[in-house]
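First comes one chain, alone, set out as structure tokens in the form predicted alone.
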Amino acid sequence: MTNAQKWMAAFLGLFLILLILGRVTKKDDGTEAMSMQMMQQSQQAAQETDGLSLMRQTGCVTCHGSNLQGTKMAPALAGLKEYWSRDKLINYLRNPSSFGSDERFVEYKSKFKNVVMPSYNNVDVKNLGKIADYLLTK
């Protein structure tokens, strides 16, 4: 055995001893449950951030406003879960013109003249799903 191999074996042995000692002396005082809860909250915040950042990238805030409360060009994007399911919203984002006969969209066309909702069929469906998830929580 070479010196490098001896040092590597000693290092791995020390690592295993410390790992075993850490497991044996570990106390379960409920901090694991708290850390799991904190991880879930951070993941939810990351999803929201992802949805909002994707909306900024695709240009939604240009017409709907930076706070998504609507502008003279487009309606507010709050309370969408009353009218939309996740799949239906994704389909709308991919092809908005196919929803043109819906009563609400006829009203929007008269209120927001000469403004056309672009289709996002070139955006990855996973990203549209993140946007839809974000919008349905607003």
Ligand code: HEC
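Think of the rigid core as the biggest set of C-alphas that the two forms share within 1.5 Å after superposition. In case it trips you up, residue 1 is the first one in the sequence shown, and so on. Owing to the predicted nature of the structure, the values given are computational and were not obtained by experimental measurement.
As for the form predicted together with ligand HEC, it is not shown, yet the points below apply to it.
Enquirer: Hey, in the model of the complex, is residue 115 touching ligand HEC, heavy atoms inside 4.5 Å?
Expert: Result yes; residue 115 sits at the interface with ligand HEC in the model of the complex.
Enquirer: Counting only non-hydrogen atoms and a 4.5 angstroms cut-off, does residue 58 reach ligand HEC in the model of the complex?
Expert: Contact check for residue 58: yes, within 4.5 Å of ligand HEC in the model of the complex.
Enquirer: Test of understanding: in the model of the complex, would residue 89 fall inside 4.5 Å of ligand HEC by heavy atoms?
Expert: Heavy-atom contact with ligand HEC at 4.5 Å: present for residue 89.
Enquirer: Under a 4.5 Å heavy atom criterion, is residue 77 part of the interface with ligand HEC in the model of the complex?
Expert: Contact with ligand HEC, yes.
Enquirer: Counting only non-hydrogen atoms and a 4.5 Å cut-off, give the residues of 83-108 close to ligand HEC in the model of the complex.
Expert: Residues within 4.5 Å: 84, 89, 92, 93, 104, 105, 108.
Enquirer: Using a rigid core superposition, assess whether residue 100 undergoes a CA shift of 2 Å or more between the shown form and the other one.
Expert: Yes.
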